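Take a look at the structure tokens below, where one protein chain is shown in two forms, each on its own, as structure 1 and structure 2.
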Structure 1
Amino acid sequence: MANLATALEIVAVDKVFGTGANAAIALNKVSFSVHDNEFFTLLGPSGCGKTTLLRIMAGFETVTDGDVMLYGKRLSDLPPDKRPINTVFQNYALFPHLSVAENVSFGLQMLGRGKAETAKRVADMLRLVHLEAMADRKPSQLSGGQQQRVALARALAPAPKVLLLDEPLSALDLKLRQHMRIELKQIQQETGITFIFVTHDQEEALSMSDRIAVMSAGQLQQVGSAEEIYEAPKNRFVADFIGETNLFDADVISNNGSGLRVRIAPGMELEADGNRPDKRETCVSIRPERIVIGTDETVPCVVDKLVYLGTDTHYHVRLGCGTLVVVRAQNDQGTKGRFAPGDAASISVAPGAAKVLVD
């Protein structure tokens, strides 16, 4: 995404709640930029600071230090109603006494838009979210997914430069969440508005985002595309938080400058991508789907337990030294039900699967 315009920039933002002995650091020198027309996601566990950061962007919280820039202009001194930014909240915050159309038109009326312009914009937004037939209904007459669409249409109606979404899918059931992910991404692409999405759900982030910022304990851990974050995590937290992985404390055998040969268990040596200069020990991440289980692989093991997940099975296998390894195997005709707890088996690691982590 080189040479893209920067929509929003977070510059060394600190946020501290309280003072003295009661001070709590919510954000610690967080810096990143969001591209124009990008679907950007803040991802991390509860309490990592992502919602605080979103509230700072919206103007509902002030920074302790640092700055927020929108298309090169400082936002820090502007109140929420003066920022060309709208927010879709987790609970939707719809007006229960207003109809769907009235909810969508509310922001336009506050901006003093004319009746004809407002009516056309409301119709366009309801068509965008597929709710034309629901215009006269009240929020209480809608499903959770429909209410979410109304909140989205209301936030989009004034054509903000940036739309903030604070875990808007968390109240929906699994099937509806999966469907709304597709719709949200499509709406973002159709409108061309920059979306900044907050979630703790890795699958949501991976499936929708152009780029992801992973956060932990108020600090930025890594920013990159879904593939970069998953395939090349920078540290132990990112590798462990995004998807599933096996983490091994490994001994460094040799270093060729771009990769290491490491020993993760007796009799299990392999090449790992990455470099730790002058280190004798390191941490290595290997995704379960990049490990092959069979009877003629290179490293003997015993199946400890298995978890059947429909499309695939997770085998928890134990090496001779006691090290536990998780293997993910597709349930095709060649593997389904092939191993059971107590069975002898063996594993091997696919080339390029092992990644050296910074810490």
Structure 2
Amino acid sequence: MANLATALEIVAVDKVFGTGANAAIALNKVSFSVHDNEFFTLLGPSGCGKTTLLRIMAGFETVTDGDVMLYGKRLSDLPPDKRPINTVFQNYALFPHLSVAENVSFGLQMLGRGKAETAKRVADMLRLVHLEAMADRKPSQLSGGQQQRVALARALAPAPKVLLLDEPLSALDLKLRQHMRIELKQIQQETGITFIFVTHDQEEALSMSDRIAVMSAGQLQQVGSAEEIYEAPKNRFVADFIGETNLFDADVISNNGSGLRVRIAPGMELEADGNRPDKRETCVSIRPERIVIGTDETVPCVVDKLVYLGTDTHYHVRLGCGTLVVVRAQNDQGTKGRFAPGDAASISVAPGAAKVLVD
């Protein structure tokens, strides 16, 4: 588990590409810190600035404003080859003219490590990624998954302080991806190196990370553990991007200090966690799996549509006022087969399920 010393700190980083009329803001006042020994994930939709931020950390891109600190030392003026940071590139960028072993030893040779030390380290790294038998092959003779492991071994070999990974699993098929998630996490724990992992896949982020930074359009939205991000999203974007949710524009009825009593639809009032002083209206999020579908007539509704998902079914139900609500129920709970489109039903929300959001 991560201890709380700060390894890498991003301080109010701005990045603008181009000038004048062509200027595009890729990063806007992004600040966060990554703890020592942490598996930290940058998560966000395509084009939100993840790669740009990673390239700034690695030194391939300069900041327009702000700073990057590594263990309290400014990195901004150091060229890439002077930073104790290594990268696993999105397309791996293995050197095609060198063998697997030569690829893995490249960084050690550049650092001037001895022959014996280098050979031992290369052997260790290849064992770590299960490629001992492939040492003499050229990258073009490997499968995509194997190339991905070589890229990982090559970046880990010099024992960097921080390892950057730019969507390293995106080119692999689903089964291999799921397998590599577990393996990457294991390697991070074994080596004790701080990982900064970039992905646009929220499932990947939730399943691997100690903490996640959610980004959108060049701005940081929220930083927190997988549970925090999922259970207590700060705003509409995070709630919507991570998993699935029902968003309601609710009226605030009363404020009891720790939460609000809100009306999310006519006749449907409930307590929501969070606070928004002086607001008459607010956005409220309720996850589909925290709503129960039944027939006890608490909040009457009509089943609109069923979406079968294997382990679960999504029930799209319509409230009396016309609001559509998605309910998720496991297929072994006795709900299976009880409802068909057009049936009358009712829903109830689990206590603590409703969250107040900042828009």
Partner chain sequence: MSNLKRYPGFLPMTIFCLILLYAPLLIVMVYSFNESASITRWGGFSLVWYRDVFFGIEAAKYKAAAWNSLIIAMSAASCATVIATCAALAMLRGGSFTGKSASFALINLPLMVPEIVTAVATLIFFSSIGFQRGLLTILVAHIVFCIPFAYLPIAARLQGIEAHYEQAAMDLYASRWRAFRLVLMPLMMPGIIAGFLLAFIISLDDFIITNFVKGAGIETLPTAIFGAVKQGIKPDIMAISTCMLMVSVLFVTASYFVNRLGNQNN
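Take the two forms, find the largest set of C-alpha atoms that superpose within 1.5 Å, and that set is the rigid core. Please read these numbers as outputs of a predicted model, since none were measured by experiment. Every residue number counts along structure 1's sequence, beginning with 1.
Undergrad: Any idea which of the pair is the form predicted together with the partner chain?
TA: Pick structure 2; the other is not the form predicted together with the partner chain.
Undergrad: Align on the rigid core first; then say whether the Cα of Pro80 has moved by at least 2 Å between the two structures.
TA: It does not reach a 2 Å shift.
Undergrad: Determine, after fitting the two forms on their core, whether Ser216 shows a C-alpha shift of 2 Å or more between the two structures.
TA: False for Ser216: its C-alpha shift is below 2 Å.
Undergrad: Align on the rigid core first; then say whether the Cα of His179 has moved by at least 2 Å between the two structures.
TA: Comparing forms between the two structures, the His179 CA shifts below 2 Å.
Undergrad: Rigid core superposed, His97 Cα shift between the two structures in Å?
TA: Shift of His97 at C-alpha, rigid core superposed: 3.3 Å.
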